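A single chain comes next, written as structure tokens; it is the form predicted on its own.
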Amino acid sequence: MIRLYHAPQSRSFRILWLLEEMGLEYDLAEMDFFDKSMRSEEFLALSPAGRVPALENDGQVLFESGAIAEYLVEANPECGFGRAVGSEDRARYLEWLHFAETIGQHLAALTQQHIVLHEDWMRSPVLMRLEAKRLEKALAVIEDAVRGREYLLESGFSAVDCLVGYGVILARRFVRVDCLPGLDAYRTRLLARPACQRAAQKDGKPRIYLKEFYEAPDV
């Protein structure tokens, strides 16, 4: 049985969503950033950095989103969410798999500045604006990719739409994407997927992002 360690409104949503898309049976272990459960010896034995997601399956333990996604799709090729070696979309699939971490890097920096650093003196308005602009440029790359098609790959929906798509959905907390209409349409398609909606219902009570939009203060 698959067991996913997940915290609400975190990157582990990507794997929760993917599991729902794949229709796999799993057990969900909800973690919390605001207590000490992710610093317990038991959890650190699964995820040494004390982060989610972590996944257990038949004695195998993984703790990195991209690796977990690859493991799941390769172990269940019949689900059709990976792209096999030698397939036409394989190179682009790998590129988007890793580009998800580029998006995640900017989102993490913005989350740190706007939310984790809770005192004004700790924050940098300059860094907030810089990271928001970097995120906007990364989002433009995605908009170019989905222009004229529904998902990132010509061959259709895949695991990378879960990984990258999570970043697109979360990005609206920090970047106004009205100037990227193709990206907004892609986001709408993702949110309309039944598996994404099921994952959202299982995500848990919001604990991190309590505002619709986080505006950088004037310098």
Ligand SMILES: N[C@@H](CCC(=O)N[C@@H](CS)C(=O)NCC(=O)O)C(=O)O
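Note that the structure is a prediction, hence the values are computed from the model and not measured. Sequential numbering from 1, following the sequence displayed.
Form predicted in complex with the named molecule: not shown, discussed below.
- Residue 101 is the only one of 88, 74, 101, 144 with a heavy atom lying within 4.5 Å of the named molecule in the predicted bound form.
- With the partner left out here, the named molecule still marks one of 190-198, 154-162, 174-182, 62-70 in the predicted bound form; by a 4.5 Å heavy atom cut-off that stretch is 62-70.
- Mapping the unseen interface onto this chain, residue 11 counts among the residues with a heavy atom inside 4.5 Å of the named molecule in the predicted bound form.
- In the predicted bound form, the named molecule stays beyond 4.5 Å of every heavy atom belonging to residue 167.
- Mapping the unseen interface onto this chain, residue 36 falls outside it, with no heavy atom inside 4.5 Å of the named molecule in the predicted bound form.
- Though the partner is left out of this view, residue 55 does not reach within 4.5 Å of the named molecule in the predicted bound form, counting heavy atoms only.
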